[in-house]
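Here we start with a single chain on its own, the form predicted alone, put down as structure tokens.
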């Protein structure tokens, strides 16, 4: 392995390159790409890489980028693309189509605020608007996790029991343009971890129709099969963790990552880099004798309801930190987590929208506010920018 000082955009591109080269003895690698800030550096670097079989196609839009991935994937190739914000919105039709076609495409999504008004900073609303699209969604905390998750996602998505696309999400600029020491594996290691892709429903030589008309009964069957595949992700995920650790010497995080939760009475739930800041606050509160804890949701889809319910079972108060807003409701994460802590007072907070700088003092004040609360209020939008 080689430790390099690189951004998460760089880490994503190199991880995708290694995964693509690992499929050289099968149907190769490729994908469609279109630039959008803040993921452009990723695809610029990817386009400069050489592959024994396959190529990266520069297209005229995000919609076409996913269309190219779908065409390559249905032919049996390992595929990758990247997008963000309004690019994901423009791509949405084909995001759904890729999942409903059961194509194990991996996409790196840099979380950025949707516009207008235009904003290029972090907000989780862009990928969360696709939460019902049938993709696996992973949210990363640092650059190492981004690189590992790209490789890990191919192993998970291409498993015959899953066969679903996977979205690896990272916070705009906080990770995408921030340099961190990142351990990139050797090609031989990735070759060992990722078997040749053998897509069972790939197009071969006989004429075939893809995406034809379904009647109600067929659609019901397809949705049931899709749901069952997502339910199997949890077991397959654990197996992929074991194999990753054996090959690379480190273990990818669980779908839900606890911090000081063994005896926590008050806990905050969050995703992405917000969790790192929350953990720092927990350390400070623990030093004061407050039994605080933190829970990071790494895998948002399929939603890890069972693990969250077990982790929050003994908490008296739970705060949910959303870096997004479902207008007319509140935080997206809060809307699902609140059902996982029926005994607790659960309060939703939306903060850092549009890239506001979420600092330890902001989260500490919310901890103290929640500790003093006697009942839950409507979800609160906290201005930190």
Partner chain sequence: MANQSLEIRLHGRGGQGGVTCAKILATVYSRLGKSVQTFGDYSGERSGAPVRAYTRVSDGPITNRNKVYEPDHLLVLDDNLLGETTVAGLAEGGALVVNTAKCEDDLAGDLGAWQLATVDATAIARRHGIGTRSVVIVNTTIAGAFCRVLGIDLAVLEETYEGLGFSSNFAAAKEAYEAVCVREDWESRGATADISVAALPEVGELVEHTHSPPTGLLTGSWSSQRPAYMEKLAPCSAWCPAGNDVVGFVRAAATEGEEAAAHILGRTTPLSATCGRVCPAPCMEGCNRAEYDGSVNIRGLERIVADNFPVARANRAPAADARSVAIIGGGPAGLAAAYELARAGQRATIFEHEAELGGVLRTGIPTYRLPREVLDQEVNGILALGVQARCGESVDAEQLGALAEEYDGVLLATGLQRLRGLDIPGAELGGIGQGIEFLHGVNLESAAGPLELSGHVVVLGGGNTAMDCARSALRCGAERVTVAYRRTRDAMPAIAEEIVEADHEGVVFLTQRQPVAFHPSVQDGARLGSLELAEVEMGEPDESGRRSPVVTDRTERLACEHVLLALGQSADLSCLPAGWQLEDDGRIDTGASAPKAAVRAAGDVTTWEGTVTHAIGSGRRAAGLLMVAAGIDVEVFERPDRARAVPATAIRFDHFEKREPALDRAADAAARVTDLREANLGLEDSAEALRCFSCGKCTECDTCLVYCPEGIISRHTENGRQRGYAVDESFCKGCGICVEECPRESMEMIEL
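Note that the coordinates shown come from a computational prediction; the quantities given were computed from them, not determined experimentally. Numbering follows the first chain given and starts at 1.
There is also a form predicted together with the partner chain; it is not shown, and the following applies to it.
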If we take heavy atoms and a 4.5 Å cut-off, which stretch out of 99 to 107, 225 to 233, 277 to 285, 307 to 315 is in contact with the partner chain in the predicted bound form?
277 to 285
Going by heavy atom distances of 4.5 angstroms or less, which of 113, 137, 273, 153 would be at the interface with the partner chain in the predicted bound form?
273
Just one of 208, 89, 180, 221 has a heavy atom within 4.5 angstroms of the partner chain in the predicted bound form, so which one?
180
Kindly indicate whether 5, 121 and 361 are, all three, within 4.5 angstroms of the partner chain in the predicted bound form, using heavy atoms.
yes
Find out whether any non-hydrogen atom of residue 158 is located within 4.5 angstroms of the partner chain in the predicted bound form, and reply yes or no.
no
Would residue 142 sit within 4.5 Å of the partner chain in the predicted bound form, counting heavy atoms only?
yes
Under a 4.5 Å heavy atom criterion, is residue 175 part of the interface with the partner chain in the predicted bound form?
yes
For residue 373, is any heavy atom within 4.5 Å of the partner chain in the predicted bound form, or not?
no
Just give me the residues of 369 to 385, first to last, that have a heavy atom within 4.5 Å of the partner chain in the predicted bound form.
369, 380, 381, 382, 383
